[in-house]
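First, one chain by itself: the form predicted alone, in structure tokens.
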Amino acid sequence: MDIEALNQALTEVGGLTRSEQPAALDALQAAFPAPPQREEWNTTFGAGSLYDAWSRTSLATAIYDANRTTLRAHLQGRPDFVVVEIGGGNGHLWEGLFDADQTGTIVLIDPLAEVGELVSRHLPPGVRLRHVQAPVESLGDLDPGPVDALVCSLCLHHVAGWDSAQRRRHGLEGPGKLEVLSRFARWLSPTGGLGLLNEADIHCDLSLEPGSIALRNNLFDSYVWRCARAVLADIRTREDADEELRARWLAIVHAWCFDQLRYADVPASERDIYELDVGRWLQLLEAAGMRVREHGFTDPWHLFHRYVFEPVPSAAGSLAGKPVSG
């Protein structure tokens, strides 16, 4: 496939009016078909997987680098620390993070056994892994604390709805993002507990109805205009990537970027992606009893935003009943 031609075609699609973009993107996908795929996106995480390729993109490595820097400084000099990670991926976050003599516990919350095995490979002997095989929203009774640090990177957007009340209005049971983040506030140590949240700057949660122009536009801006172009830039310019890795990156452009637009028309409960933009994430963290110490984009495409926060014990959950714009 001619990557330069694909990149140019995508640039031309971005220059069209909103009403013209969906048909133009369909034509682009027909002209540049996806390479053969050996897996569904986000179903396997080992070597050679699409996720492994994703973890090597400039977008992903920027997130890892920022989180490693913060965690390394925060955990230094803390023997027997406790860190919670929500969704471990391929364990790449922990690669080279700890000193050989550090001691502590990683509490990994992830439903897949494979992920626990991958994370454990990156931990030194003194850091033990406790793997809780379950989705985080099902763990209302879990008490891993007091937790020194918590990392939730590109996971919470799979939880639909601002809170349980909004979920019920859409026929869904269980906790929403507010309840999950409120648990994080309870888990984090009130004396020095630190949380890291990484999510894309895009609003596509339950409040946007299927088929709405706003939903389609937001998905296009995030997954096509920012994410796809960033991955294509890696394919075109990264000298450290071989042809096999570039082929997997191209599969990601199709499977995780272009194909995400189909979620604009499915029922809200089947969307799988329920992101919030920066303003809404900040409001939600405050409502969950967090104080955001710093936040900012980790990539030049202004796609992924990172929030560094700490619990405010006296305020935790105090805004749960306050009307919010989810």
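On a predicted model such as this, the values are computed, not experimentally measured, just so you know. Position 1 is the first residue in the sequence shown; the rest follow in order.
Same protein, other form: the form predicted in complex with a small molecule, not shown, and the subject of what follows.
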Look up in the predicted complex whether P135 has a non-hydrogen atom within 4.5 angstroms of the small molecule, and give yes or no.
-> yes
Is there a non-hydrogen atom of V115 within 4.5 angstroms of a non-hydrogen atom of the small molecule in the predicted complex?
-> yes
Is there a non-hydrogen atom of G176 within 4.5 angstroms of a non-hydrogen atom of the small molecule in the predicted complex?
-> no
Is S153 close enough to the small molecule in the predicted complex to count, meaning some heavy atom within 4.5 Å?
-> yes
Could you check which residue among F45, F258, Y274, W281 gets a heavy atom within 4.5 Å of the small molecule in the predicted complex?
-> F45
Within 4.5 Å of the small molecule in the predicted complex, heavy atoms considered, which of D163, D205, E85, D234?
-> E85
Option from 122-130, 106-114, 74-82, 235-243 whose residues, in the predicted complex, bring a heavy atom within 4.5 Å of the small molecule | 106-114
